[in-house]
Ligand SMILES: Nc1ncnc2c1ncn2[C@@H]1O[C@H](COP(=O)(O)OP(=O)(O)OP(=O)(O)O)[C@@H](O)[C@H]1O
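A single chain, nothing else alongside it, follows as structure tokens in the form predicted alone.
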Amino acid sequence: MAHIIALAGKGGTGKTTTAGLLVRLLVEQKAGPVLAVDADPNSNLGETLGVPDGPTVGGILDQVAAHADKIPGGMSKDRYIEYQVQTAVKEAEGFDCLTMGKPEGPGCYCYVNNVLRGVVERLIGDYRWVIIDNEAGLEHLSRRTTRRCDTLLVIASDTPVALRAAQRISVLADELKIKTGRKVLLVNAAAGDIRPERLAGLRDLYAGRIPYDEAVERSGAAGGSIWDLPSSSPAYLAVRTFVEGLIRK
């Protein structure tokens, strides 16, 4: 069964970079087939991983919701959605990538969302590791992607606002009844140890920090992919420790 790691966090906390590092390290560790799912409407994970733009699931939903009459004869709507989602999976070196995107059309999405969740859950079954880069609201986990994850990895910067957002995300996951094996908080771009008072209400989740890394900042500013980051960088080493712990389990 796939181990699903769902990432969430306030915008600007380094969530997508961390997701990219997880994918890279799982590939480098030869931990098994990896699927990267970009479920954030900003859709930056593919770029972070160096994957060219392609069709999004949101575009597929628009097409089906608005033009159901154009589904080829002899093909059910369910099968058509499944086929289209499978064609949207981009194959890369050592991993696959699926960009969810966000539906924009006026059609009704209730039916296609239900079908989509089943399609994605079957797709996930083909992989050992699934990394889902979510928006903070966890919309895709609650409605479109899957209602379970083995690890909910909350990313926050070392600021009161981001840490309060992390606490809200943890509560939201419970309210949405997402089946979560465990919740983990990593504080990203931290210059040093986290002040204890900032972790009030988060101590049970806190698993460590990813230190501030100039190489990550330079790579992002230059539009580089996560594969350009040197393996000696502090962020890479911190996430590697986290990944090695996951693999051992």
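Note that the rigid core is defined as the largest set of C-alphas that superpose within 1.5 Å between two forms. Sequential numbering from 1, following the sequence displayed. Source: prediction; values computed, not measured.
Below, we turn to the form predicted in complex with this ligand, even though it does not appear here.
With a 4.5 Å cutoff on heavy atoms, Glu28 does not count as touching this ligand in the predicted complex; it lies far away. Interface residue remark: Lys15 is counted as part of the site for this ligand in the predicted complex, having a heavy atom within 4.5 Å. For Gly220, a non-hydrogen atom is located within 4.5 Å of this ligand in the predicted complex, even though that partner is not displayed. At least one heavy atom of Pro211 is located within 4.5 Å of this ligand in the predicted complex.
For the options Val34, Val216, Ala39, Val64, the one in contact with this ligand in the predicted complex, meaning a heavy atom within 4.5 Å, is Val216.
A heavy atom within 4.5 Å of this ligand in the predicted complex is found for one listed residue only; from Ala136, Ala162, Val119, Ile178, this is Ala136.
Considering this ligand in the predicted complex, the lone stretch of 52-60, 200-208, 66-74, 187-195 in range is 187-195 [heavy atom distance within 4.5 Å]. Residues of 78-98 are not found to place any heavy atom within 4.5 Å of this ligand in the predicted complex. In a rigid-core overlay of the protein, Ala136 has its C-alpha displaced by at least 2 Å between this form and the one not shown.
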